[in-house]
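Just the one chain here, laid out as structure tokens, in the form predicted on its own.
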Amino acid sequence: MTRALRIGIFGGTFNPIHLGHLRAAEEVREALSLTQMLFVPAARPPHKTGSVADAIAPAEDRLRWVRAAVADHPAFAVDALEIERGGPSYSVDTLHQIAGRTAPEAPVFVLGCDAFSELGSWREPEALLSLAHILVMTRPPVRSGSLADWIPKCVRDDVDVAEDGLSARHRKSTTWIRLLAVSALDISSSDIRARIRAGRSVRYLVPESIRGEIEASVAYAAEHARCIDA
């Protein structure tokens, strides 16, 4: 009997993708023995509006950077479905699509603890928990805690948290939630953009194969111009 594929979904704006993203994805893949980690760049994140949205590089650029960044990893892949779908990138739509491919095995949706705690503001959070397993990463400076500290109120009654606080089971489906501390690098996309605006190097913060293109990004240079004009 062929073993079902266990697919991880690592979504995000990736504005730009950096070594912290890649290291975290690798540690999750290894910890869960994932067959594949699927990077899914967002087309237009619904939570990012106004001046924050203006600082987002074009979807085509971010997609190209992600593809180049993961090209040498045999278990990393990229899916452009959110960009191809267009419009706001709602995770529930993405999970419906990918879960349909991986059935009967549910995919593993990878989230940071901050994003997980804000799940109540996402579209159909109850459906998210039943469509996929959820791996909640803690990253610097957060290192410990219980899942109960981050479970949104709107879905709290849908899960049973284990006594050790590291996992939970969905009451109406076979999906689970797990907490995993990763030794992620303390790097952020916002800091990288700030360095570019200031004319500083981002060497060793992003993959070298795409560093030059990121540093020359018109989107990030335009962000600098807006700051000067403000």
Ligand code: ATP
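Since we're looking at a predicted model, the values are computed, not measured. Numbers follow the displayed sequence, beginning with 1.
The discussion below concerns the form predicted together with adenosine-5'-triphosphate (ATP), not included here.
Although the partner is absent here, Met137 sits close enough that one of its heavy atoms falls within 4.5 Å of adenosine-5'-triphosphate (ATP) in the predicted bound form. When adenosine-5'-triphosphate (ATP) is considered in the predicted bound form, Asp114 lines it closely, a heavy atom lying within 4.5 Å.
Residue contact with adenosine-5'-triphosphate (ATP) in the predicted bound form: Ser189 places a heavy atom within 4.5 Å of it.
Using a 4.5 angstroms threshold between heavy atoms, Thr13 counts as touching adenosine-5'-triphosphate (ATP) in the predicted bound form. Site annotation in the predicted bound form: the residue of Val202, Leu32, Ala59, Leu185 reaching within 4.5 Å of adenosine-5'-triphosphate (ATP) with a heavy atom is Leu185. In plain terms, the part of the chain that comes close to adenosine-5'-triphosphate (ATP) in the predicted bound form, with a heavy atom within 4.5 Å, is 104-112 out of 104-112, 88-96, 75-83, 146-154.
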